[in-house]
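Only one chain is given next, in structure tokens, and it is the form predicted on its own.
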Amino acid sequence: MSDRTPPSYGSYLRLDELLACQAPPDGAESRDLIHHDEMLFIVVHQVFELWFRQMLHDLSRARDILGQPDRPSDERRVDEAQIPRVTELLGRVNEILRLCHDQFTVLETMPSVHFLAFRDALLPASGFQSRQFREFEILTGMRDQDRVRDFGFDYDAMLGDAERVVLDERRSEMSLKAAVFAWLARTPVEVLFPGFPRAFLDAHRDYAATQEQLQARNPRLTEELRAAATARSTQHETALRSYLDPGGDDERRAHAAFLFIASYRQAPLLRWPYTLLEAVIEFEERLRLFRFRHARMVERMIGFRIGTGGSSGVEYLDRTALEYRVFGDLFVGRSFLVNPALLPDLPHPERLEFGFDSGLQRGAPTDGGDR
């Protein structure tokens, strides 16, 4: 008979340890709170870190499902039944990011002068040193060379040796972005719609022509503005050609697959892939909103002071919100979508129907669902 003590609510959540973590360190010992509201500052940031932990957990799983290990190409597939699971995981992360937006509101209940009462005790600590958030950025696919340089050294220099090891391990893994684009690149667009890129270019050209006609009839536009609109339309077509043929086969296939899935999203076998891509786009949007909301909270609390870690504070945060993009290629692709009425008909629509409707043999190569 086991002598194992069954867990209680408190022991399962390890509440004694968790609730003992709000006393700030002072050397080897803990110190008393300098101000009543210092407790709020600590708790809010600890909650952020717990949410970062959960998002890392979920995004890693989503990445693992989409990013299959290297195997022969004919075996490197994602079970279509797993696509809803990836969408669920991304949806949860998006909801957590929404909660994080709102969490800044709780911190803003603290008057800024109350924060100034204990802020100096934080130096040189800074949210810039959040190892988990740096992990989160690396996991999503953000590249170090694209980072805003607000210091005279890389951010790794502000972290401890053990933290840098963790980040190096993250860099050695496949990112979520790489997994998403590899999954897209395996979409058999040429099987489902031979010559799709050319057909889409033609449809886009027709769509652009109708837009030019509408602008030409706009009585509020000057001749100069009409000429500028025509020039933009020409530039847009050039950009689309580049998007569909960016130089790398995998990238070209991924871009074509995105346009194909988004354009024919009503087809039964494209509904889940489209829903997954919408979750990815929402993720990018919510992450940028999180950065922007963070900057506004800091601006409200301390104005344009230098950050406790030595950064330019709000200026740095605003630049990250504006410049950091991970899935920007998908937003670019959205700008090329056309009126569905102008899309060419699918040459074999039955290939994108469910098997029991189309009568296709289960697992036939023409089934576009398994990538």
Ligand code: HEM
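The numbering used is simple: start at 1 and walk along the sequence shown. Computed from a prediction, not measured in an experiment: that's the story for all the values here.
If you look for the form predicted together with protoporphyrin IX containing FE, you will not find it shown, but the lines that follow are about it.
338 to 346, 325 to 333, 46 to 54, 27 to 35: which one contacts protoporphyrin IX containing FE in the model of the complex at 4.5 Å, heavy atom to heavy atom?
Single hit among the candidates: 46 to 54.
Just to be sure I understand the contacts: of Phe292, Tyr155, Tyr207, Tyr243, which is the one whose heavy atoms reach within 4.5 angstroms of protoporphyrin IX containing FE in the model of the complex?
The residue in contact is Tyr155.
Just one of Leu139, Ala179, Leu277, Val298 has a heavy atom within 4.5 Å of protoporphyrin IX containing FE in the model of the complex. Which one?
Contact check passes for Val298.
Using heavy atoms only and a 4.5 Å cut-off, decide whether all three of Ser126, Ser311 and Tyr316 touch protoporphyrin IX containing FE in the model of the complex.
So, yes: the whole triplet contacts protoporphyrin IX containing FE.
Does protoporphyrin IX containing FE get within 4.5 angstroms of any non-hydrogen atom of Phe104 in the model of the complex?
Flag for Phe104 set to yes.
Gln211: heavy atom within 4.5 Å of protoporphyrin IX containing FE in the model of the complex?
It does not: once protoporphyrin IX containing FE is placed as it appears in the model of the complex, Gln211 has no heavy atom within 4.5 Å of it.
Look up in the model of the complex whether Gly67 has a non-hydrogen atom within 4.5 angstroms of protoporphyrin IX containing FE, and give yes or no.
Close contact is absent here: in the model of the complex, Gly67 is far from protoporphyrin IX containing FE, nothing within 4.5 Å, heavy atoms only.
Is it the case that Ser130, even though its partner is missing from this view, gets within 4.5 Å of protoporphyrin IX containing FE in the model of the complex, heavy atoms only?
Heavy-atom contact with protoporphyrin IX containing FE at 4.5 Å: present for Ser130.
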